[in-house]
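Before any questions on how it binds or moves, here is one chain, the form predicted alone, in structure tokens.
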Amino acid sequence: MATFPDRALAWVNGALTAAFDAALGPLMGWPPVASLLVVSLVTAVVMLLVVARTSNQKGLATTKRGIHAALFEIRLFGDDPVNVLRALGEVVMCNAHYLRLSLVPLLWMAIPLVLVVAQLQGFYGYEGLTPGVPAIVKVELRQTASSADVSADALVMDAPDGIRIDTAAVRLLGSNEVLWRIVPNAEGTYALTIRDGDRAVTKSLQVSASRARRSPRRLQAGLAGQVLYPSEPLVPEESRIAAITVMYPEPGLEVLGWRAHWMIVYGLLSMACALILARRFGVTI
């Protein structure tokens, strides 16, 4: 049964999903790195505002000056082991103090950043299915005594025009998982329907090379699952279906001929934007 935190997170995810769809939709025709640069720029500005409000700016500036001074001493007295060791100790102490001062803004930003990254994963983490290329759809049933004996025949999948169901439902022995293989015939946005008796649950399906939000899993209530997969509403509580999964490819982003996970690109771009804008915002980071 969904608890109050489950329902609250579901509401937050619904609001964030609508906001991100409205904000990122116009950018989806851009090259992915270009649109991610815009997202990183906005992230950097918000991070700087949070750091300015929540950190000890004077303490950070003093600590950074201490680090620079100690490094200068090491360079200046490189032939004096005693002074070098003392300066190294100051560098270590100043760095520890710098990390302690940085912890407060990091704590303020941690939860919002997790929710933002989960939303961005839907746009940059997956590629759409390709027409003519088979894909797997997996349904997980709840671990209850009644569902343990369920037959695969009890579940039926309906697919719209443009999607061919290539195999009958296959129940994995020793588990509560049922699989189908599907083959998309044409690009588009679809909804698969899984029927269990008189109840039905739908699952979104993206068949396109164009960048768009893609949701690999639709789940029942659960904080961890909702944080990781926020793009679709929760599966109704009365359903025996715990989750529906569509296995999208995760090829990463191509940057200057190299493939990299989008989070690495996002992190580097956000840090670069923050460092460039810090002086303009008068913030020490």
Partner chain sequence: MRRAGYGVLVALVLAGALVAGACGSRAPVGRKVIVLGFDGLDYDLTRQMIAAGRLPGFARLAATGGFSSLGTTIPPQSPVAWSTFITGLDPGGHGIFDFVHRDPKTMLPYLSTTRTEPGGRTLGVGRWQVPLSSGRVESLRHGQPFWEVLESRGVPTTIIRMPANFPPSGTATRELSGMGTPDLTGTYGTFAFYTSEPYAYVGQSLSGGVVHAVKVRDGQVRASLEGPDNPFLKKPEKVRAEFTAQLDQANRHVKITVGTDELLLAVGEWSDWVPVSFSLAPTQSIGGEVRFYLKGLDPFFELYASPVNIDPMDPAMPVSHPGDYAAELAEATGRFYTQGMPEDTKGLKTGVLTEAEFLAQARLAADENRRQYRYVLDRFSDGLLFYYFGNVDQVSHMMWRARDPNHPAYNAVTDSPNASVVDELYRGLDAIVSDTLATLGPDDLLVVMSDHGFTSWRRAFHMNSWLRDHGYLALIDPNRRDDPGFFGNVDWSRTRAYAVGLNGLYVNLKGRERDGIVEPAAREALVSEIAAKLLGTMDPATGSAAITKMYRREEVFHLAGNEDVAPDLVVGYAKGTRGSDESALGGLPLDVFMDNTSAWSGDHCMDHETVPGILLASRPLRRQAPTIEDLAAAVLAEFGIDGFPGNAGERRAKEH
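Treat the numbers as computed from the prediction; the structure is a model and nothing was measured. Residue numbers count along the first chain shown, from 1.
From this point on, the text means the form predicted together with its partner chain, which you will not see here.
- When you look in the predicted bound form, the only residue of Ala61, Ala52, Met247, Val38 with a non-hydrogen atom within 4.5 Å of its partner chain is Met247.
- Taking Trp180, Tyr126, Tyr190, Tyr98 one by one, only a single residue has any non-hydrogen atom within 4.5 Å of its partner chain in the predicted bound form, and it is Trp180.
- Stretch 172-180 is the answer when you ask which of 155-163, 200-208, 77-85, 172-180 has residues with heavy atoms within 4.5 Å of its partner chain in the predicted bound form.
- A residue is said to contact a partner when one of its heavy atoms sits within 4.5 Å of a partner heavy atom; Thr167 meets this definition for its partner chain in the predicted bound form.
- Shown alone here, Arg195 lies farther than 4.5 Å from its partner chain in the predicted bound form, counting heavy atoms only.
- By the criterion of a heavy atom within 4.5 Å, Lys138 is counted among the residues contacting its partner chain in the predicted bound form.
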